[in-house]
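Starting off, we have a lone chain in the form predicted alone, written out as structure tokens.
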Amino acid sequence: MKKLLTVLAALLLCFSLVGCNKNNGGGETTPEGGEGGGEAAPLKIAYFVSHLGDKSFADSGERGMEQLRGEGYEQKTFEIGDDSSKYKDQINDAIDAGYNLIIGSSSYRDYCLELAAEYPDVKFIIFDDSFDNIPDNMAAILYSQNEGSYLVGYMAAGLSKTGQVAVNVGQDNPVIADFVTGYVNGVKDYNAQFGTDVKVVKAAVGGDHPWGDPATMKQLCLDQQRNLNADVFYQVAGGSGMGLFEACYETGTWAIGVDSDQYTTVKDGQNPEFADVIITSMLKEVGNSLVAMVHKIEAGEDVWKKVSVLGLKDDSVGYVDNDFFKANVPQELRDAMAQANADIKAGKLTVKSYYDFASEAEYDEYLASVQ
């Protein structure tokens, strides 16, 4: 009996030691995984936007978050409004709540840079931005929105019956200027190819809510149509773009959406009739790019301290080629767009970028060449 008890005690001790080794992994688990010998902590992802529901840029990112949640990631989207004085505190609160991968657009870059220095074990992804001196725990994503904008600018010139097209933005900044540059380049190349003289007019919503003021956007478009005879309008203004669609619907002019397939999102919204003027949308696949970046991180790829530039060849920008587009854009023009798309992907055609200009004056001169 004593011998049996001794054997049982030894077995219990062995199981206890095995259990301890399984829990500890031979050492303590750390967020980065390596130093304690354990596995890295699971990603807990926070996505920051001012507001969802723009049917454009923010919602494109949210579709990526939906995919990540469907894949089993712990993810939460934080809508933090327009008061930038509260941004750092709100991001800080998420970090304190255990979120170890912070994702936000260029609007949150400066606050994330400060927090990246304070929390070296937390990772940050800033998208739609490029900058120098990226910290060790941060990655940046920049899109070649000029390439997609080139294609819809070329199309706009081909569709215009008045010889006047528009590009209207929320407010001016380098990324938005890159949209405008590509659009103008597309118009210029169409003019050179067909001997036309299509002009481009540009306006900005501005004010306190440049990305959420559809009323101002609508008035800008109505003025451009009535006073300048513009008949194709490209919106690069987030939620303000709904005002452009409304104006185009009222005046019977064409609209071009941005970032998401806005024909589909508007068709499913409160004013589905506005979709009937959205000839196409210039796509910026924010959601796809964020999902791809998370997958790279999980695979152990070195994305940190770098800017990933994603364009047509990465299927991160493009344009909507749906049945409505096919029904309303002539075959010859669609073929020319497809060829330009292929040429850009192959490196045979280089689209002008805002980042190519040596100065703001040089950019202004480029815009003036089609005004």
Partner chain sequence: MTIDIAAFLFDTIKMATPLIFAALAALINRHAGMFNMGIEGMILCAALGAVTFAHYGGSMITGLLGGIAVGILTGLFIGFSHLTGKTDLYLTTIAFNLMATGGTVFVMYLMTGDKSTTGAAFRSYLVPNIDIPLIKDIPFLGKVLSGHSLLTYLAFVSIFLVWFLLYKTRIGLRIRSVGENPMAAESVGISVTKVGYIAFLLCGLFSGLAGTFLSMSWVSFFMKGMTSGRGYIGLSAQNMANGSPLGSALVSLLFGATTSLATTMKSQTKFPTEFLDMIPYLATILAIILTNIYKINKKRRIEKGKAAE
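This structure is a prediction, so every number in the text was calculated from the model and none was measured. Numbering follows the first chain given and starts at 1.
Omitted here: the form predicted in complex with its partner chain. The next part is about that form.
Although the partner is absent here, Thr280 lies well away from its partner chain in the model of the complex, with no heavy atom inside 4.5 Å. When its partner chain is considered in the model of the complex, Gly53 lines it closely, a heavy atom lying within 4.5 Å. None of the heavy atoms of Gly182 is located within 4.5 Å of its partner chain in the model of the complex. Mapping the unseen interface onto this chain, Arg226 counts among the residues with a heavy atom inside 4.5 Å of its partner chain in the model of the complex. A heavy atom within 4.5 Å of its partner chain in the model of the complex is found for exactly one of Pro135, Pro120, Gly269, Pro174: Gly269. For the options Met155, Ile141, Cys248, Val205, the one in contact with its partner chain in the model of the complex, meaning a heavy atom within 4.5 Å, is Val205.
Proximity to its partner chain in the model of the complex, taken as heavy atoms within 4.5 Å, picks out 215-223 from the listed stretches 215-223, 295-303, 251-259, 103-111. Within 4.5 Å of its partner chain in the model of the complex, a heavy atom is found for every one of Glu79, His209 and Gly239.
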